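Here are two versions of the same chain, shown separately as structure tokens and labelled structure 1 and structure 2.
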Structure 1
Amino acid sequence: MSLMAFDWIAKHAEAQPDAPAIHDLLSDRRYTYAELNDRVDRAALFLYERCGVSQGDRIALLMHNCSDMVELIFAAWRIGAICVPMNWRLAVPEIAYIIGDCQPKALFHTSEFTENAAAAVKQYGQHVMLVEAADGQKCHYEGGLRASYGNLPEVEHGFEDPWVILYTSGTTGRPKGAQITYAMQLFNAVNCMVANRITPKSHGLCVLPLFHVGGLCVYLSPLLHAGGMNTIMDQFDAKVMLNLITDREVGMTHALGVPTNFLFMSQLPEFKDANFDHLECVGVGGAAPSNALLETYARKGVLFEHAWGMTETSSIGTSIPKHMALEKIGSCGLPVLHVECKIADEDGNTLPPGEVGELLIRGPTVTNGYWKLPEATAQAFLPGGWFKTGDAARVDEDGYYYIVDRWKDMYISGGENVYPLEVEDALYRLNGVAECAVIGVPDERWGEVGRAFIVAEASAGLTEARVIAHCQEQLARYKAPKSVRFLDELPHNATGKVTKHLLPRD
């Protein structure tokens, strides 16, 4: 029997029409489930009647986080189309590549991306309908919604049908479109609800970009599955986020960020007196946080529920129970309810506890493949359905997983593996280090050695010699960086993660 995917928004509009669903912080638009359902219905009609989008067609989105994005993503669901949220930081050729790859019928964009959208479509060389959205009552999208009445075609969704395509960052080669199916989203929602205690009374903050799996899948879509509320920030702002999650009157219960988000908030003067006691769940993911950051928040009573996941797993694969956050500090937790994980060698053989290998995962939240890339899909899996994550990790005797680093970030110095995350954690224990990143660079004697990039506090007076001496006190000498570069800022992607491939190797 083929299972069907049911419409979450429509179900909640029937069961709890007056319950709050969305608050768009920038525009201050607020919608109940009944209102959101009506707008999703009109958006679906607009796509179907005005844009010529039908089942299996793609629509692309180029915009900052907003309620319109949520409407369009679920409108695609309603007519069986596939939504492709795009990274708004991409250059025109990169946007054009994705358009050429997924070939959308329409590209929805906001006014700040008008030029890039038009140039990318022109560069692609084929017709794509451009629709301006999220720009007040006079934009094309709002006019389309007001004029859309009628009946939608009946569409049945198979569990394995794609709902969204999320393109990987493409730091090595061209980005790949990971297909996110209806089944993946359902099981991810269940995993999050169980692991992070999401209920219809939950109120989450969506700050990570909706073109990223962390923004769309944690906790926005699980909250909508549960019938809870989402407050949406258009972009990350440390002071605004800190105020939102600490203001009891706002009533936030769930918040997720990458380590950089929480690092920047901890450096604000307001952090000293901030109170987080009312929060039910504070999640951190996207990259492994340093122990120093975990300890900073633990002193404020915040026990981070560190989760691990990736685009291809839609999103969380492991999550640490809140009551174990201090006992297993640094761990990303146990496999969530509907997945299975293991640590393996290059041949897929399971390694014993304590040994570092590649983290493998399988289950209904794992992608069924990359868009139009059967060879890349085949290479990503081992026999038995195990997906190769590319993360170096270990598991302890109790079954708790620890991300050591990305395989590609690890470097070998004098025959010894060095994981930059461990060195970065040591650097954060040096007063005056505001942010740091470590990479391996070529060395004639040792093959590779570490180079630290540091953003220092203005009055710190840090020097290369002082930084290296500190690391040599904290770490084995082969792990200590051999050179230090001081920068005004580190390069970040749109989710806030440091983009190490942009750091100079020469």
Structure 2
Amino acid sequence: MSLMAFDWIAKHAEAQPDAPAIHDLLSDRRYTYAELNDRVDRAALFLYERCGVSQGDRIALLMHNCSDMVELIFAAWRIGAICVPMNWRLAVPEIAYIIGDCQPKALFHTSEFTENAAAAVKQYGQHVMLVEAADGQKCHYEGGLRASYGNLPEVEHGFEDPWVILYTSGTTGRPKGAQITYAMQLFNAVNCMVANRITPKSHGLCVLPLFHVGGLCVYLSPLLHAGGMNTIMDQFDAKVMLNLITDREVGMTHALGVPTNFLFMSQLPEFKDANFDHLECVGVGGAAPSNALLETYARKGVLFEHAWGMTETSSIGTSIPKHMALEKIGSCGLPVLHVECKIADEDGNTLPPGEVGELLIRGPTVTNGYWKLPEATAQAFLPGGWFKTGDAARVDEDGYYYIVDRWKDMYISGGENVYPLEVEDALYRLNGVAECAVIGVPDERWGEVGRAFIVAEASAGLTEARVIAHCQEQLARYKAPKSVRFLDELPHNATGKVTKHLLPRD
């Protein structure tokens, strides 16, 4: 029996046409399932007829969170195309790299990204149709929707067809496109539904970026699978988020954020009197929340459903049951319904409870590979289909997982991953940098921020400001180091590799 893929929005439009599906907060647009389905249909036709997008093609998105992004993702799927939502924080050379890698037929962007989109396409050097979206009635996209009606081509959807490609940086220094298939998405929806009690009556807040699994797959796509409602915030704003999740009339039931989001909200004066009692599920993940943060919210009655996940696992891989949040504080919980985890040594042998090893995961939510990178895909797995997460973790006697360290050379700044190799690569493009190394150092606001150590050529006259400005031109701002230290030499081990743990962190 071959499994078939169904269109969730179309199904709910038949079963509950008047049920609210989406509220786009910035534009205050609200769509029921029937309305959303109509817009997805028109968007699919627009893609097919006007943009020349057909099955297997890619489209790329460059915009802050908005309902148009959700429509385009589902519209692409409707005609068998693949959506690539890109990180809007990226600098032009980074966007150009991704466009070159996934070769989209069209790039949809909002007006604040017009320049970046055009410059990136120019750098890529091939024709990509540019479409302006999300700016109300006059924009190209809305005009396209109005003009598009008729029948869509018949498309056979395979269970294993890619649904989206999400780029994650990595140990290679260059972003890799993690494929998220329809099947992964379906099992992820089931995992979240069970772990986080998502029903057609649920109302979730989407505040994390839709180009990350945190925004797209927790809890937005599971809510659309269940026929529930999503409120979409364009970007994080602590005050707006706190108001939304505490206002009983808004009726929010589910909210997810990275630790920084919750830290910022807890620092607002309004936090003291905030009441979270009506919320069914408050999730935190993407980076390790401190126990102090978990306790601050516990005192307000919020038992965080602390989850661990990765792009490559379509979002949550483990999640702590709410009733265990305090008893197992610091744990990111148990493997969710349709995955299996273990702690292993370097050869993949299972380690006993209490011992620290690499967290491995397998199951139908784990990626089937990186876009056009068979070697990187093969390297990411151990025999038996175990995906190597690069996270150091332990499991206790009751099966609860704890992330204790990161073995991959990566740090997390405000919920965004930064791979030092990528930053070092940018630094080496600056004249006068003889050798460099980048590490993450603790930061009260962002969790971690980058620090660059540079051995400079004597004549170069490099300064901290010059180095940071160079990085900001080449890279997304969150990747640019916040401080620079000039050294006469970097510490090395016997094979000549920089021993990063010997670099000063204070």
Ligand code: ADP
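These numbers were taken from a predicted model, which means no experiment stands behind them. We call the rigid core the largest set of C-alpha positions that still match within 1.5 Å between the two forms. Residues are numbered by position in structure 1's sequence, first residue being 1.
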Revision key, fill the gap. Between structures 1 and 2, the form predicted alone corresponds to structure 1
**Study point:** C-alpha of Leu294 off by 2 Å or more between structure 1 and structure 2 on rigid core
**Key:** no
Review point. Any chance the CA of Thr463 moves 2 angstroms or more between structure 1 and structure 2, core superposed?
Key: yes
Review point. In degrees, what is the turn of the smaller rigid part relative to the larger one between structure 1 and structure 2?
Key: 146
Practice item. Check the Cα of Lys408 between structure 1 and structure 2 on a core superposition and give its shift in Å. Key: 3.3
Study note, to complete from the structure: Superposed on the core, the Cα displacement of Glu424 between structure 1 and structure 2 in Å comes to 24.5
